[in-house]
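A lone chain, given as structure tokens: the form predicted on its own.
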């Protein structure tokens, strides 16, 4: 076992102060799903672990018609999956969180911890990005709000600054005439990391695409927002030809690498196939 201090602040402010004091020698722990694994593998050797578990009211899941969905960073995946508010108003998130790892992991892992790892293979950030979510970062100097696209910087790197804690995730109110789809293509079971993951949210009225957000995971050093593929459809009447073209364009926006789940070429091919499939599913949900 490693020798480290284990600290349990009871407020966000106290956690930020401790982070500022210890600097790079401290690591935050929320649910602990990632941190405990990294320490056991000797990928981390901190002088101090700052646990957020004792901070009250840090795991809320709330919804209002005006503000949309707000999730405390300490909310566990299972909290989000089982929330009737999420299931009713954000079925894309319900579908996503219900297929993250296994239930025993979902009971442990928190949304704040998941996002702060910056892992491009994980699912929650992809669907949150497709829903235009933002994160609130808190420090002793105040708060700042970033889109998830701004928050994810590089492979396992985020925009968190020294002394900052991710405290909240906010998702805008759901749009009318909206369709959604989540496709998680895995080599074995849904509990595995995706070879390619696709999340799409569409806003269509009278056959015209008023808005679209397309996000992909496991295909680049970060979760990718496929802007050029979105522009293929945005403001246009949706046709099969445009949907297929969006898949072709999306495949040019990714930077996959070879790994145990597939080669880079295989992943690009999957993007071409899965993006149109996801868009068609989203369109069917609007028509339905």
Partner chain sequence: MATAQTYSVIGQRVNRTEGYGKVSGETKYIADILLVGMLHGKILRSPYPHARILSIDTSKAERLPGVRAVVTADDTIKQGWGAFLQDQYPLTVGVARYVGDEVAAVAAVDEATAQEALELIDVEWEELPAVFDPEEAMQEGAPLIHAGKERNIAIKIDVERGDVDRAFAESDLVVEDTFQSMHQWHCAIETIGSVAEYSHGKYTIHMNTSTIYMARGRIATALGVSEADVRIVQSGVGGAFGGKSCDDNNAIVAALLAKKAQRPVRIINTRDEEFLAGSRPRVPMKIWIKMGFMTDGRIRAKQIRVVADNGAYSGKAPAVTGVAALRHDTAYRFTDVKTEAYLVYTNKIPTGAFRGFGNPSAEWALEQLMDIAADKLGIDPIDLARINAVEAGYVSPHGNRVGSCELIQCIDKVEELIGWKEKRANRVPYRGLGMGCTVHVSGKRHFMDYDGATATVKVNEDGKVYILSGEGEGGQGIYTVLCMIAAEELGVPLEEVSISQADTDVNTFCLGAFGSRVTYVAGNAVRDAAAKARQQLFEEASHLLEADAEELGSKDGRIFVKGSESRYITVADAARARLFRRGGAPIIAFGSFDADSVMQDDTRYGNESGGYNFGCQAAEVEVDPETGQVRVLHYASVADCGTVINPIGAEGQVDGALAQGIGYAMTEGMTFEDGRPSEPNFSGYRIPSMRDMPRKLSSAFADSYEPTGPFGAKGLGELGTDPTAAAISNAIFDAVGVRIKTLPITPEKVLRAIQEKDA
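Because the structure is a prediction, the values reported are computed rather than measured. Residue numbers count along the first chain shown, from 1.
Keep in mind the form predicted together with its partner chain is missing from the figure; the text below concerns it.
Practice problem: Could you tell me which one of 147, 140, 186, 136 places a heavy atom within 4.5 Å of its partner chain in the model of the complex? | Solution: It is 186.
Exercise. Heavy atoms, 4.5 Å, its partner chain in the model of the complex: which of 81-89, 207-215, 191-199, 161-169 makes the cut? Say which one.
Key: One stretch meets the cut-off, namely 191-199.
Quiz item: If you check in the model of the complex, is residue 19 within 4.5 Å of its partner chain, heavy atoms only?
Solution: Answer no; every heavy atom of residue 19 is more than 4.5 Å from its partner chain in the model of the complex.
Quiz item: in the model of the complex, does residue 24 have a heavy atom within 4.5 Å of its partner chain?
Solution: Taking the distances in the model of the complex, the answer for residue 24 is no, it never comes within 4.5 Å of its partner chain.
Quiz item: Using 4.5 Å between non-hydrogen atoms, is residue 274 touching its partner chain in the model of the complex?
Solution: Judged by the heavy-atom cut-off of 4.5 Å, residue 274 is in contact with its partner chain in the model of the complex.
Quiz prompt | its partner chain contact at residue 261 in the model of the complex, heavy atom, 4.5 Å | solution = Contact check for residue 261: yes, within 4.5 Å of its partner chain in the model of the complex.
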